[in-house]
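Quick heads-up: it's one chain on its own, the form predicted alone, in structure tokens.
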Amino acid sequence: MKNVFATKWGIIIVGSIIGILASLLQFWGNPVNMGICVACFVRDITGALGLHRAAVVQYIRPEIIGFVLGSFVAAHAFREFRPRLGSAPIVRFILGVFAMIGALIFLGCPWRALLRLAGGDWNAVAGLLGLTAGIWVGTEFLKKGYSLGAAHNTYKAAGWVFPIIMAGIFLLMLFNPMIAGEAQSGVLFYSTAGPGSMHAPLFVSLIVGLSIGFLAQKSRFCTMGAIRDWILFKQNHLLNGIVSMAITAFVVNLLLGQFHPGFSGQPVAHTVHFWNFGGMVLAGLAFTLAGGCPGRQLFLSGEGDGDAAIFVIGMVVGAAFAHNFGLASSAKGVTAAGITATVIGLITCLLIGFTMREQI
């Protein structure tokens, strides 16, 4: 049976649906210009589990859980569930750590960069340029034989592990629900102010996440892959998806009064353009070396890819480090520690790119 979601119009429709749902999630309660941000939402989950104590960014985001479980359902429904593992797991973990740090220097993943732009935040332009630059550097390594090794099939049960973890976290939330005005409920932490306190209704968020996870698994939607394919092969198939996402989000924002153009005063954003650019150079390079943007890594983990799951776990640890050690940016700008971490991350990723190349 033909996979209509993987056709030209299929990927455009999927991107449009994601853009519409992201803007609606913002309208329904998610943070402004952050209807969906994979990096930020993974960071919030990390905080809710107590792995960092930044009180304003702690909440179990059902969208992230839905991404994994929706992909899991789609993969099983269409017999595409393929439990597999590759090589260099510690490298994939490190790439996940630095990808998260880079994203939190900019204050958003590629998805949020597009959504910030669609909401009128012109600071996102520097981030998107940085993302493109980082991906371009990564593609140069790919041209010269960079590889972390081929994946091999593994036990079916191994592919179930990460989706089960996600389902377990959701159950943890159900058994430890948020209590109005309380910063902790049972074993979980909840923000009472700031971005973490802003969220759409729980099951609305979950259904949106499940829907996007299902559609993205079938369409292979990936922001990093879109730019990589355009640079390497001049193919615009995946690019059609992310462009349609940005356009539809912009239109919905206009209709809902959520478009507020400018540089200053943008929510959860800063105007230090050099490090908006630099943070996303690091993130884009790490995504390329790892083989997918953070959303794609979640979708892959849902279809049994253990390598992608390792990358996501690296993102969790990166989020914990970013907030426990003052690396993450804020509306006031970047920190000295964050700048140092970005430079270390760039050097690390470049060393990985130079040293892990097959002879071609």
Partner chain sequence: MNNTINTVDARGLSCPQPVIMTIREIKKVKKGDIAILVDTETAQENVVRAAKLQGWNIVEVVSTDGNYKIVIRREE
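Positions refer to the first chain, counted from 1. Bear in mind the structure is a predicted one, so any value in this text is a computation, not a measurement.
This next part talks about the form predicted together with the partner chain, which is not shown.
- Contact with the partner chain in the predicted bound form, judged as any non-hydrogen atom within 4.5 angstroms, is confined among 129-137, 229-237, 164-172, 115-123 to 229-237.
- Between the options Ala200, Met178, Leu148, Val252, the residue in contact with the partner chain in the predicted bound form by a heavy atom within 4.5 angstroms is Leu148.
- Site annotation in the predicted bound form: the residue of Ile247, Ala158, Leu256, Leu142 reaching within 4.5 Å of the partner chain with a heavy atom is Leu142.
- Annotated contacts: Asn3, Arg220 and Arg296 all touch the partner chain in the predicted bound form [non-hydrogen atom within 4.5 angstroms].
- Although the partner is absent here, His260 is not a contact residue: none of its heavy atoms lies within 4.5 angstroms of the partner chain in the predicted bound form.
- The closest heavy atom approach of Arg84 to the partner chain in the predicted bound form falls within 4.5 Å.
- In the predicted bound form, the partner chain lies within 4.5 Å of some heavy atom of Gly291.
- Residues of 92-113 that come within 4.5 Å of the partner chain in the predicted bound form, judged by any heavy atom, reduce to Arg92 alone.
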